[in-house]
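Taking the form predicted on its own, here's one chain by itself in structure tokens.
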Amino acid sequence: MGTATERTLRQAVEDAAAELYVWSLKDIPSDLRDALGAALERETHKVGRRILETIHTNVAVADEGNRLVCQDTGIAVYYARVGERFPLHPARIEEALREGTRRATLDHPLRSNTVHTLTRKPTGDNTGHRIPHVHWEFVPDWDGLDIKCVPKGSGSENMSFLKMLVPADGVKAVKRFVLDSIVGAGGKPCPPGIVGVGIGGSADLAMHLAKEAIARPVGTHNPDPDVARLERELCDLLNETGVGPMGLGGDTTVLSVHVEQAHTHITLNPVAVNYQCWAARRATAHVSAGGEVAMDRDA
């Protein structure tokens, strides 16, 4: 059963996961609220303005009634930053995240979306084989744990793309691929949202980087100046397409573009695109080695 400390920490992580999942589905972060407000102020297209006004009403109704922002509770995706001196083993952390997700689904209750890939038989509690998915980062010389929950709905997740570009075609090819992906997606991923772009590494790493990018707050930029420049250029390009809110035309097709990159092989140039809808939900908990939990809405 483990030591008393291990049991206490496991319970703390489980409780945090249960709260994070529900909290993230009900209360969108302040950076996203600000971005939606700025989009409404600059939107000149009549239909685009009406849709953005409806989105604001949606958020207000959810706030007033303590309701979910969207009926699609998604798949729970967790990002775990684990200090090397955190007393709970990652295997126990993953168990706690799974149980917290299950508890939140059954106790709230939340819509369960998880099914067997072939038979489509539902699990009933938003858990399943390898679900929820946990991304791991291990931090040297630290004894804490950060858990970020990013529920991912199917509308935006279906608009995910990967292409192995020709390195000689350069940045221009990257821009063209991202542009074609978002224009082709149209209103399906519920724009305006956050576009995550992953560049480099291998095919699987590129997609991981794109998913990592959508979990960043709106207004943040990649620390690499070349990558940050590409973020700004892509954002401008996508908002010039006229796709607009919900794909019905307007000035705001995306709220932000986030790019993450890794070094790659000399003959490779993998690029992945992952979309996060306008309700870009996320919530974070910080767990100390002693089991104290601090919730952070905007991390």
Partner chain sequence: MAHHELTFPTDEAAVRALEAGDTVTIQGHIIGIRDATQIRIFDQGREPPMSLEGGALLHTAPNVRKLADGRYEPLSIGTTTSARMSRFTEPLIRDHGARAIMGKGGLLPEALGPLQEHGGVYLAIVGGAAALQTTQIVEIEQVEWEDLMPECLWRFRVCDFGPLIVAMDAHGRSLYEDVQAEARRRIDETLSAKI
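Positions refer to the first chain, counted from 1. Keep in mind that this is a model prediction, so the values were computed, not measured.
Below, we turn to the form predicted in complex with its partner chain, even though it does not appear here.
Interface residue remark: Lys172 is counted as part of the site for its partner chain in the predicted bound form, having a heavy atom within 4.5 Å. Remark: Pro217 does not count among the residues lining its partner chain in the predicted bound form, judged by a heavy atom distance of 4.5 Å or less. Interface membership of Glu233, defined by any non-hydrogen atom within 4.5 Å of its partner chain in the predicted bound form, is confirmed. Residue contact check for Gly184: one or more of its heavy atoms lie within 4.5 Å of its partner chain in the predicted bound form. Think of it this way: in the predicted bound form, its partner chain has a heavy atom of just one of Ile147, Cys190, Ile194, Ile199 within 4.5 Å, and the residue is Cys190.
Of the residues Pro87, Pro90, Gly155, Gly128, just one reaches its partner chain in the predicted bound form with a heavy atom at 4.5 Å or closer; this is Gly155. Note on the interface: of 135-143, 176-184, 74-82, 209-217, the segment with non-hydrogen atoms within 4.5 angstroms of its partner chain in the predicted bound form is 176-184. Proximity to its partner chain in the predicted bound form holds for all of Lys46, Ile55 and Leu237, with the criterion being a heavy atom within 4.5 Å. Residues Thr57, Asn58, Val61, Ala62, Arg67, Leu68, Val69, Cys70, Gln71 of 56-74 are found to place at least one heavy atom within 4.5 Å of its partner chain in the predicted bound form.
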